[in-house]
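The chain that follows stands alone, in the form predicted alone, written as structure tokens.
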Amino acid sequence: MSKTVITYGTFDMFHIGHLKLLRRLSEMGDKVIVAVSTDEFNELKGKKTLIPYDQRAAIVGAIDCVDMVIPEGSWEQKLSDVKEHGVDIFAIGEDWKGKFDFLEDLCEVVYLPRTRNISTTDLKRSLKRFLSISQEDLRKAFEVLELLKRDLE
């Protein structure tokens, strides 16, 4: 008997944690559906994405273990998506634990552990810190690197 698995996410700045999640989902079932949050829905959630919805959906859809990508436009759609797509397993990160237990009457709900030491939020923080480095600090850092390089030669 085939099993359909669904998950939801923004999938901004696609990283190894996203890939590992999608691969885990493909091991749980035969069909993987990924609902990617639209730009408008992310705005309602107070999130700002770096990559537009169409590109995020195309990236997720290009992953070999993903069978279907649908837009996520509201919190409420999860119930109708589970019914409409005959979902057997609803899977999402453990940071949402307990939030979707109301779906248990319709399907199995699984909260998966996150990949350690990687998250889009952390990547965005690192990028922000990197971009906030002054030109003068960059110049000094390159001078130090040149001196170290000469010392090693």
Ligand code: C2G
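Values in this document were obtained by computation on a predicted structure and should not be read as measured data. In case it trips you up, residue 1 is the first one in the sequence shown, and so on.
The same protein also exists as the form predicted in complex with the ligand; that form is not shown, yet it is the one meant from here on.
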The ligand in the model of the complex: contacted by all of 4, 28 and 83, heavy atom 4.5 Å: no
Flag residue 52 as yes or no: does it have a non-hydrogen atom within 4.5 angstroms of any non-hydrogen atom of the ligand in the model of the complex? no
Using 4.5 Å between non-hydrogen atoms, is residue 98 touching the ligand in the model of the complex? no
Does any part of residue 61 reach within 4.5 Å of the ligand in the model of the complex? Heavy atoms only, please. no
May I ask you to state whether residue 57 is within 4.5 Å of the ligand in the model of the complex, using heavy atom distances? no
Scan 25-44 and write down, in order along the chain, each residue with a heavy atom lying within 4.5 Å of the ligand in the model of the complex. 37, 41
